[in-house]
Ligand SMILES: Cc1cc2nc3c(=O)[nH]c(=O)nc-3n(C[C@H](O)[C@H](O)[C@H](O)COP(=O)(O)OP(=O)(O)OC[C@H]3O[C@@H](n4cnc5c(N)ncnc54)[C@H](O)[C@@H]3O)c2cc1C
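What follows is a single chain, given as C-alpha cells, in the form predicted on its own.
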C-alpha cells in the first residue's frame, strides 16, 4: 500500500471548517477499551452536512477513512489507524419523536434513546438501556439484549453510499440478522434511523429498564474498560458458558484479563495492549474448539493494519475458518 502524507490532508480538512481536526490522536481516548494507537487524522464534524461533506471529500480523493461512534464494540490496533477517523458524536446527535415514531442520528447514545422513549410513554427500546454505544454501532451490529434487538424497532435508515450519495433504505434492505447487517458487507454509512415503537405504561417501562440495568450490573464488568461481548453466541449455545467451562475466567495476558463476572468479556485491568487482548482471544478460541469442537467467532470489531483500507476484517489475524484451532493452544 502506498504511503500517504496525512499532513496536507489535515490542513485541507481544517480549511473546510467542518469541525475539530486533530493530528495523531490516540484512539485509546475514544474507545471503551481504553486501547488503541493513533489515528493519523481525527475529525469531529459538528453537523450531519459536515459528516457527509467529509465523506464525499475523502472518497473523491481516495483517502481511507473510518467512522467511529463511542468506540464500544471495537479493538483498535496498537499501531493505530492509517486513515482519517470521523467521529459521529457531535454531528449525528439530533433526535425527534412524533407519535410512536422516533427519528435519531447515528451518534445518539442508545441509553439516551431508551430514556427519551420512556419519558414519552413509548415501549420497545427498554432493552437498549443496557447497551453502551451509539445508534450507528447498534445498526451495524443489529445490537440486542434481553430477547430483543434493533431489527424489532427499526423501520428505515438514512445512509450515505459512496456511489449513490444520501438515500433511505428499509429495514428489510438493511438485512438485519443475529449481530449482523448489510452495513458490514457494503460501504454504507448509517446517518440516522426511523424507529417505530408502541404506546406503553410509564411505570412498567421504567421498571423494566431498571430491571435490565440491575441485571447488567450484576452479570457484567460494567466498571472496568471493556468492549462488551468478545465472541458471538454460537446459537443455540452461549459463548460465555463455553468459555467458563474450559476454566478461562481469570486468564490473563499482560493487562488483558477474562472477566471473573462474565467469561465472554475481556477487560483492561491496567494498560492492556490490543495485541494482548488478541492473544487471549486466540487462546480462548483454540481451547474451546479443542474441548467442544465449536468455533467461536469475534463479535468485537478489529480496527487497524490489515483491514484493507477502512474496512475491518479478522482474516489476517489468525481468525479465518479453522486456522490455529488444531495446534497446541498457547
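Values in this document were obtained by computation on a predicted structure and should not be read as measured data. Residue numbers count along the first chain shown, from 1.
Absent from the display: the form predicted in complex with the named molecule. The rest refers to it.
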Every residue in 77, 180 and 281 with a non-hydrogen atom within 4.5 Å of the named molecule in the model of the complex? no
With a 4.5 Å heavy atom cut-off to the named molecule in the model of the complex, the contacting stretch among 133 to 141, 206 to 214, 248 to 256, 93 to 101 is 133 to 141
Sort through 273, 34, 262, 301 and report the residue having a heavy atom within 4.5 Å of the named molecule in the model of the complex. 301
Contact of residue 220 with the named molecule in the model of the complex (heavy atom, 4.5 Å): yes
Using a 4.5 angstroms cut-off on non-hydrogen atoms, would residue 190 count as touching the named molecule in the model of the complex? yes
Contact between residue 68 and the named molecule in the model of the complex at 4.5 Å, heavy atoms? yes
With heavy atoms only and a cut-off of 4.5 Å, decide whether residue 145 touches the named molecule in the model of the complex. yes
Under the 4.5 Å heavy atom criterion, name the residues of 212 to 247 that approach the named molecule in the model of the complex, in sequence order. 216, 220, 226, 227, 228
